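A single chain, nothing else alongside it, follows as structure tokens in the form predicted on its own.
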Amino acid sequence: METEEQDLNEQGQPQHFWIPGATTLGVVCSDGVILASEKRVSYGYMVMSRVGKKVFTITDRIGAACAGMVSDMQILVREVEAYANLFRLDAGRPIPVKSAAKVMSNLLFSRRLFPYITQTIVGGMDDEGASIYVLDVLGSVIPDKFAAVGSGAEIAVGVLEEGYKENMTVKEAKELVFRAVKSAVSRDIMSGDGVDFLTITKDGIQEESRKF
């Protein structure tokens, strides 16, 4: 037994698993919400795709932006979208943003032993106005005015901290988000190749892609 433990000590150096990176942001504006993520999909030292999509619509007023495994993002968003449709049919009104975030939280927590490898920002517009919620892999729900997740978050959040102002317009927030992602991409090898935006206002959701 002691020999086995010694072997483990000699060979059991910390193992680093390759987790897909991203730079994903959310910002609350005076007239809506901006969700954004860059387009690179990487795994370890390999760039798997330069046109990956990490922003998703859930309803015509709610969206999500994710960092992590693309497959996990996709199945998680599809499940929340299905619950949102059921809520609308049952209650006769659109699901609130906070409720959509809570549904995602429950799905993430139910998988806590075999978690979805994803960090998510859920945002949108409802009767209470614009809001975003940040969720980790275990389903913690944290409301905020702006947020960044993913491998480039530490760099991007500094730009958001410096530039964010209360009651920013959508146009101002979009330029701030673009600068934050561009700053992160310059230092984070797992992020790059352009930015996808979801702009959510009372008029609906608009999708846009922009190159650096």
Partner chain sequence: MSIFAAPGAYDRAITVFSPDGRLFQVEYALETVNRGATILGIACSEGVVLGAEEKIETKLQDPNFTWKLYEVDDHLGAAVVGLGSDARILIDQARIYSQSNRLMYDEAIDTETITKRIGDIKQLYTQHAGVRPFGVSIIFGGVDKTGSRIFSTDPSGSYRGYKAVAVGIDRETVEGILKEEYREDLSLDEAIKLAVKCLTKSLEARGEQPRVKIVVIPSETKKFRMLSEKEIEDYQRGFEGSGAP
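Residue numbers count along the first chain shown, from 1. Just so it is clear, the structure is predicted and the values come from calculations on it, not from any experiment.
Beyond the structure shown, there is the form predicted in complex with its partner chain, which is absent from this document and is the topic of what follows.
Partner-contacting position among Ile142, Ala91, Ile75, Leu138 - heavy atom within 4.5 Å of its partner chain in the model of the complex
The option sitting close enough to the partner is Ala91.
Classify Pro115 as contacting or not contacting its partner chain in the model of the complex by the rule of any non-hydrogen atom within 4.5 angstroms, answering yes or no.
Pro115: no, not in contact with its partner chain in the model of the complex.
Is Val103 part of the interface with its partner chain in the model of the complex - any heavy atom within 4.5 Å?
Judged by the heavy-atom cut-off of 4.5 Å, Val103 is in contact with its partner chain in the model of the complex.
Hey, in the model of the complex, does Lys98 get a heavy atom within 4.5 angstroms of its partner chain?
Yes - in the model of the complex, heavy atoms of Lys98 and its partner chain come within 4.5 Å of each other.
With a cut-off of 4.5 Å between heavy atoms, is Tyr83 one of the residues that contacts its partner chain in the model of the complex?
It does: once its partner chain is placed as it appears in the model of the complex, Tyr83 has a heavy atom within 4.5 Å of it.
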